[in-house]
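Have a look below at one chain only, the form predicted on its own, in structure tokens format.
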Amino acid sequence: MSSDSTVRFLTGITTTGTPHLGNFVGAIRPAVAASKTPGIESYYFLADYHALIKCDEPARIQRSTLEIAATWLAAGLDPDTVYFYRQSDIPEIPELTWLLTCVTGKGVLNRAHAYKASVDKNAAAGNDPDADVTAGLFMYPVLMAADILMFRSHKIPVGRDQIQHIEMARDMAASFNHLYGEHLVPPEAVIDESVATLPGLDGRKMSKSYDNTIPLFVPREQMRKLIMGIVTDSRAPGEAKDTEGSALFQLYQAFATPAETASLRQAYADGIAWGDAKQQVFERIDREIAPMRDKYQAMVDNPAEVERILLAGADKARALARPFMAELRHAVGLRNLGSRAAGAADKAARVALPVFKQYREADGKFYFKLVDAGGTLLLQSPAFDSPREPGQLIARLKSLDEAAIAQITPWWQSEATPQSVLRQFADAA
């Protein structure tokens, strides 16, 4: 079980395609590096429920699941030190999805980027706004929130196009906590500006939707052929070439050391031939990928071993998910009928308690406040730079016994500033 000081990172990849160099540089390599960082608890999952939203080819989903799992393992992910599992092996996730559905306004989901894009596309074509829009596509943000909130994740590495989903997960957590008590941890999006977005064969962002990818573990000669086909300009050998906007140079930079990058930059200035530059790029990429290629192929050739690893990871993850789901079921009233009934007295007792509310203001800072049953403000926090700090302070406040609460209550009722209140609390704790 995690300690309160542990920071939990969570990353998922949808199982609809074969991993390519862009996936490796943008997600897999930095995630594997993060998994080896002390004080970080890492969760990596194969998002096969999400795959059903956009893919109706069962064989493709199964093959993609195998290839992506094998890729993570070949890249150095240690399943013994992280939580590595398949989404569909955790039945508590769809159950939490339903609980979140019941506290999420339809208007919130109407604003989701993917849904709005589909509606706009239909409107432009003169079709019904919801033509070919499945409930799965519409509910995608709720399933994603359940993935995150199930394991009380603190930080979610995402691209800028995914920030909205993390904000929606925070909103869902806040709605649930407001109704049923502080159970869910509001997550925080992590944008790593240093992680490269690789260009593809045609210079656009490397993406399956553009059909311009370089598969990560294709045979060596096939990778060389693909790199040799990258689009370049018509400058001849001996003519200086620009690194700015060069897809080939960007690709090299994502794998090379600073010294190696400087060397190729100079070669560009000296007029290196495009064929020679492409060969250099190929050799540098292959140097990093080649040691993983054999392990990847061994995993793909032994799907039973990959299945064993994923099921072991699911058992490990469910050891956390099962008791947490039991806590949430009890919170919403899905209870053993032999236990104390959740009648009017129980509800009155619950709503009579002060409630912590954690939130983010327009200034980008994080705050919390404590209000009583009538909405009277008892305690207002100062600003924090991350949601983790107020979350930890709330947890400490909740852990106090009645004597400590009695000691702190006068501070809440005084004219003291929030900062002095918190200092006094810290001294007392």
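All residue numbers are counted from 1 along the displayed sequence. Because the structure is a prediction, the values reported are computed rather than measured.
Below, we refer to the form predicted together with a small molecule, which is not included among the displayed structures.
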The small molecule contact at residue 148 in the predicted complex, heavy atom, 4.5 Å: yes
Non-hydrogen atom contact residue 12 with the small molecule in the predicted complex at 4.5 angstroms: yes
Distance check, residue 144 to the small molecule in the predicted complex, heavy atom within 4.5 Å: yes
In the predicted complex, residue 156 touching the small molecule (heavy atom, 4.5 Å): yes
Candidate stretches 385 to 393, 42 to 50, 58 to 66, 28 to 36 - the one whose heavy atoms come within 4.5 Å of the small molecule in the predicted complex: 42 to 50
In the predicted complex, the one of 255, 140, 282, 83 near the small molecule [non-hydrogen atom within 4.5 angstroms]: 140
One residue of 175, 162, 261, 101 in contact with the small molecule, assessed in the predicted complex (non-hydrogen atom, 4.5 angstroms): 162
